[in-house]
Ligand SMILES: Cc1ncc(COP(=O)(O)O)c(C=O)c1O
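Single chain ahead, by itself, as structure tokens, in the form predicted alone.
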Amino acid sequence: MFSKFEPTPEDPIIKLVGLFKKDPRPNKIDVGIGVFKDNDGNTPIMESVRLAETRIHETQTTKAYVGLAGDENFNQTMIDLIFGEHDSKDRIRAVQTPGGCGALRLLSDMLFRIASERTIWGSDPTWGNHYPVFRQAGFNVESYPYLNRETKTVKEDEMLSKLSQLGQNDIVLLHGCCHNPSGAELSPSAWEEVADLAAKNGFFPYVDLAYQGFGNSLDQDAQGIRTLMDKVESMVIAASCSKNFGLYRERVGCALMVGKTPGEADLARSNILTVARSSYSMPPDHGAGLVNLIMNTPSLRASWEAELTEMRNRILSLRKQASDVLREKTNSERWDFIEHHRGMFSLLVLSEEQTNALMHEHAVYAVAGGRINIAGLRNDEQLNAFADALISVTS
């Protein structure tokens, strides 16, 4: 039976992880894998998570299924976290999913049931797993202009011009904050224009929110979504708790559906639960239980928000340090965009030859195209080595 399969290419990021592990050089630098790292190079368990795990261990009395929608308290918590005090939350429904990627897949499968003829438009570039998920669901996918590869800023005029041509047969994927892989952010005014175009022309917003709290603040990072909420009749959001709670391996995500009315939101929820039932049936409980406990226990929430602020400040500090070092070493502003990007990633726009040279000649591991995780730089010594390597391969 299995002999009929054709070999499939290895995921490039997973392959990069394996190559890094096998590299015996003591000075190797990993700016490839997309996880937060502290000053010691570890992906830490947040103290608020440790305390919550202890409480759950001491008080939990059963391992029975929670239900198709997962932890309903968690679902409401995610609505509150993303939409804040918005006065139209009665038309939002949420379903717990196995990670943000699980939310993307469930939402795509649900939408294909009623919109199979539509095209999903994603930014150029976008996260490498977006298009495979959408295609697997059955959608045709296209891209709209996003990153200016010279200035490393958003081509807002070109993007908005393209979106102005889209309408009721289109679904538009938007990164809620901390664009992956580029790090370049839409301005608040651009979010307003996107929302206006969606409301006027009828394209459907589909938001991926994987890094809330990693850019500017919890509220600021959700402002784009809240702007859409004020102006569009309906949309969907795939949210992840992998980064802002450090729960990568627990696979904690949430699919949120905004309907024109509460009744329409109920219809969307019933249909996505049918998709969930035929996919994995019940979501895992532990990670969502942690998030719910943290968010609804004042002392734990205060601890979590302080830890998240510390993580975000580390990323912002590394961005400024990297820009300063590169400016000093090159006597130019060529790399200043690194400071202005948000989230863990920046896309340096490197050739395959340049990324290979980083790896083979300098023991610096970056994703193809030059996407770097700025949080992978541990200390001044690594930062200087990274800068020297980057200058060497781009001079």
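Please read these numbers as outputs of a predicted model, since none were measured by experiment. One-based numbering along the sequence shown.
Same protein, other form: the form predicted in complex with the named molecule, not shown, and the subject of what follows.
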property: Answer option from 294, 210, 163, 236, heavy atom within 4.5 Å of the named molecule in the model of the complex; result: 210
property: Among the candidates 121, 146, 127, 206, the residue which, in the model of the complex, approaches the named molecule to within 4.5 Å (heavy atoms); result: 127
property: Touches the named molecule in the model of the complex: residue 312 (any heavy atom, 4.5 Å); result: no
property: Heavy atom of residue 231 within 4.5 Å of the named molecule in the model of the complex; result: no
property: Contact flag, residue 93 vs the named molecule in the model of the complex, heavy atom cut 4.5 Å; result: no
property: is_contact(residue 242, the named molecule) in the model of the complex, heavy atom dist at most 4.5 Å; result: yes
property: Which of 217-225, 136-144, 312-320, 100-108 sits within 4.5 Å of the named molecule in the model of the complex, heavy atom basis; result: 100-108
